[in-house]
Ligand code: 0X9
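Shown below, as structure tokens, is a lone chain in the form predicted on its own; questions about how it binds or moves come after it.
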């Protein structure tokens, strides 16, 4: 079965299963375990043996489920592998309640030392307005289905000349659409707290508060949140609508209007992802819609959730890239970097649909799709060891790292324009035809005046301006002209807003991008359609199944159904057969695939700009009961395999063949004695590891060597004499590079190489 067809079958199956809400407690002796049903049949069997799911998505693949002791025994008896994530749910809840009660009895306890109920959050909002009236004011978004007020705080500096509050870009942070996610209101309240108390004390925060209009709504689902503070209801998720059939609750984050009613949302009222009777059927989502529609300058939004440590961007309702994918890629990766820098916690960025699961009717899709703002969501700590029941000791560290991500988004919101690379800018230019160059530009806090332009110059000449054309979404394209071999070309991009021009790179002409004219030729390639001498196995390999083989793979939830381009059937794959996920994956250790020796040196005398190694790879390690704990090191050798240097350590679960390319010079000196090595490995029980390799090639980018050393227009013995003189220490009036063979030394070997080249070598 083709890979895409298999994925469609699994997705269709996943949307048909009911995700029962976890029943009320107490949960004595119950635990949370992680399973990885591979097929709809496996999933049906698992769901019949568990109490309920903690994961928001229920389908084949990784799933956290709550089980009673008897249910766990049934899983074991059925041979269903699982890993224990939380050994005692009730004990964790009891510890949480004891900590909260003790902190509430201690009137001197710091506000963020424990979790706070709705009344305490409301009182804190009032405190902000009372103590900081010049920058903080409370507001009411609307009312819940039970009549509670959905409240928030607005944070912005006083009106300034030329910078009135009404004209500032607006950013919204909201949380607790899902009632049991207690970590989230503490996170957004920390954002409000730091912005307010930092004003006038921190130059960065003061500047942002003066430039931006920030709105924080800590609890959207007030009724559900209050319900989780009542006995035995701590794990309630939805709002408190009476559905009229004995069930309660709508998942408000499946009730937003953009993409409502699609995959990842349920029509069953007892399901934890029940979407409601129609888009914005719930007063909570309708109030948030009206509130954000009323913000004429809305530029960005984060809907905070728990758990999984993810930064999510559009789309959730579709697997297709949104029009601003390049812009989101820049922003989400930047946010992930600053968040990890705080306490070392990694947050994986990417579109909701592929980064976590399909989910239609979500807030971030509506904010981007309807309001054209940077709609995002963050799943805060952790990755499963405590899930929804975060220890109080984690409140502040979690909030600190998420604050940095939030503030970085505010900084993007106040930028007049955001530039982003669609693909890496070309470092070499074609010599025979123009080279296409793309850039993404999004007007954020301003309106773009006309289309962006590209500016370029060659050899330090005058700057030339080339108009760009809109390709799609925020992507614009233009072309750099064909360049002479070795010719240096500088270029940068410029876009304008009223009264201001922005450039990328930011320094513009003072520090532009640089490309050099060069030709290219494929030096070595292997499409895997024939056996070119790859070897399987290395010292220390211990894998018992899923060894590398050159074959036509059989699709399952973790493995492709084709090679990388469908032009042929064969690729290198770990355990080609096995329609059931994990049936023939890498188990028990490592399996190593090593290439034959291949050349990475030019076939003729060439001034090499770069030597590019490229390949297609498949990697999957996000299913099973112990996911995302393995990796695939890829290494390169320039001495036939005697020594190795790491190119990359693959952890990306793309669900697709991924093309990658590296400059060999950035790792080792290219030689005629290169080898490449891929190590797929299973280092922990319950992990499902599948890997593939296809279409490996080496491309030489550069220019033919100039044989006319003396500049007289001919390549002859006079040039040899000229080079002999230069090698001996004589003058070099033509300024030509005497290192003819490009080995880093100027010596008699260069003379010999020139003689050989002039003679036709």
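For clarity, every value in this text was computed on a predicted model and none was experimentally measured. Residue numbers count along the first chain shown, from 1.
Another form, the form predicted together with the named molecule, is not on view; read the next lines as being about it.
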Completion exercise
In contact with the named molecule in the predicted complex (heavy atoms, 4.5 Å), from 528 to 536, 278 to 286, 415 to 423, 375 to 383, is stretch 375 to 383
Handout entry: The unique member of 364, 195, 440, 179 whose heavy atoms fall within 4.5 Å of the named molecule in the predicted complex
Key = 364
Handout entry: Candidate from 174, 559, 623, 306 lying within 4.5 Å of the named molecule in the predicted complex - any heavy atom
Key = 306
Practice task
Could you confirm whether residue 356 comes within 4.5 Å of the named molecule in the predicted complex, counting heavy atoms only?
Solution key: yes
Practice task
Using a 4.5 Å heavy atom cut-off, state whether residue 234 contacts the named molecule in the predicted complex.
Solution key: no
Practice task
Determine whether any heavy atom of residue 680 comes within 4.5 Å of a heavy atom of the named molecule in the predicted complex, and answer yes or no.
Solution key: no
Practice task
Indicate whether residue 253 is a 4.5 Å heavy atom neighbour of the named molecule in the predicted complex.
Solution key: yes
